[in-house]
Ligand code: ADP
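For reference, the chain that follows is the form predicted alone, supplied as structure tokens.
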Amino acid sequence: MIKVRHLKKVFRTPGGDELTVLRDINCDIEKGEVVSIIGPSGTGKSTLLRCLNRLEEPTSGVIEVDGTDILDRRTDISLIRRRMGMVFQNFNLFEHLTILDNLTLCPMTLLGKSREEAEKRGMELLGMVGLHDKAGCLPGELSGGQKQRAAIARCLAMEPEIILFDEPTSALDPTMVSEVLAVIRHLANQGMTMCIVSHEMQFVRDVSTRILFLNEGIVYEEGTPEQIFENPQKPVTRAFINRIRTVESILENRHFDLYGLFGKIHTFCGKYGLGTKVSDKVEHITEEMLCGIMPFCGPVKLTIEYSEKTSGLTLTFRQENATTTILDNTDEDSLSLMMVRGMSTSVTEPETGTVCVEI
């Protein structure tokens, strides 16, 4: 239904500088697909969604909807938008109208439906999203979750062929998220074509037929939920999916500041709530590796990775100029190596000069 080629979006800052948010986006959305767009904050996910119906004007590129170039100035974008509904983060309901009136206004004025016809369909949709008894309420009388469900029903009242969801749960209290996601799941099961920007990773995995991972202004990686969540091909994708947090240090020689490094480790562990026991273990392993095992034939790079998804920690010690394997050249009876093995779940050397310690 939608074809995007070489889409670029550049914003101009108040100071006159150019900020490229979308650099070269290429993707397709087929009829009946549920395509989710994920990625770090600031990578242009919402901007891409808004470009698809020209709420943002792309700087260059091609967007086709069923073969119609919507960036062509001769294209009636209002007709395209009737086919492509959008649900926003902050509901955008008319606060002075009842919920039913919110649903009937556009079908009556834009689709030419009679009030009776529009109200009948409006009540059907409110029943579908569990708000049949809220038809006469004003938006201010509803909870956040109920408002978003009403916004979805309003979108459906225009009989769209595709719905764009721009982080539909980001403005909600956590207790209200599930009720909105349940409605979106219902639409997916009915075969509605949808494109969803979301930070709800479990929901994205459950509902999507395909996932686009945006990074550096491009579709950095795409695939099925199984491919993206279980076997991402690129390190940046893997780090995002596993919510990996890292800290790095370059240690030039054996006379590095050990206690300064301990302070950095303690701060890192404290930031992610790992506790003093874990912090102490990381410090002990680090001291034994750097002071008793690493040869220091050049700078040593220490990388500590913490996966919020698995709660696992990985310490990677990389000897820049190593020509021989480190573990093979360390006496198995070495007290330092025995202590490191005793405090970890595994100690491996995946490549010459690089030792990985899993905790």
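Start at 1 and count along the sequence shown; that's the residue number. Every value quoted in this text rests on a predicted model; they were computed, and no experiment measured them.
As for the form predicted in complex with the ligand, it is not shown, yet the points below apply to it.
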query: Proximity to the ligand in the model of the complex, single hit among 40, 299, 292, 61 (heavy atom within 4.5 Å); finding: 40
query: 4.5 Å heavy atom contact, residue 335 and the ligand in the model of the complex; finding: no
query: is_contact(residue 25, the ligand) in the model of the complex, heavy atom dist at most 4.5 Å; finding: no
query: Distance check, residue 21 to the ligand in the model of the complex, heavy atom within 4.5 Å; finding: yes
query: Any non-hydrogen atom of residue 47 within 4.5 angstroms of the ligand in the model of the complex; finding: yes
